[in-house]
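There is one chain below, alone, in structure tokens, taken in the form predicted alone.
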């Protein structure tokens, strides 16, 4: 079976091939028809975690997307819940550009209209909030987590689970992860199993849309 090639941009700068390829591997495991080509932007070893780092990231994302698009890709995923550079890249590319944040928000909204968001910032990314609108009933971040790197610390998963439980107690029917670093630590399955709540993972959501695009093109 010939696979459809899509690109994936990580906003976490890393030289570790395992870390770099992790999000692409998640997508390929779920959607074996896809071949994911992954690159990361330079100069952001802590990724995107506030407005300043988002502003630093988006021009790099656009430049990398333009470079990658010349390689015969059918779509590009920006694997960051803030969707840095997604709007700008769409303006200059002819192929679909999928933001992980807005993808997750749209999937969550298709499942229910009572949604809580769990991210790493005090307020969830605008790219997600704009989609969710009044369906967003609560949001929070894990204690002691300020960047995606903190999620990978020994206490990162425990703190994330604790905050997820608090959000469920606020009446949400769906929990959407507002940081792709949570995909990195594989927390969605743990939350589903321990708290019995449906969780939308942003990397999986963006992979699903890329798969859909690949079928249509």
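Keep in mind the model is a prediction, meaning the values are calculated, not measured. Positions refer to the first chain, counted from 1.
Beyond the structure shown, there is the form predicted in complex with a further copy of the same chain, which is absent from this document and is the topic of what follows.
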Is the gap between residue 2 and a further copy of the same chain in the predicted complex 4.5 Å or less for some heavy atom pair? no
Even though the partner isn't displayed, in the predicted complex is residue 111 close enough to a further copy of the same chain, meaning a heavy atom within 4.5 Å? yes
Should residue 97 be classed as touching a further copy of the same chain in the predicted complex when contacts are defined as heavy atoms within 4.5 Å? yes
Is there a non-hydrogen atom of residue 173 within 4.5 angstroms of a non-hydrogen atom of a further copy of the same chain in the predicted complex? yes
Taking a heavy atom within 4.5 Å as contact, would all three of 31, 107 and 198 count as contacting a further copy of the same chain in the predicted complex? yes
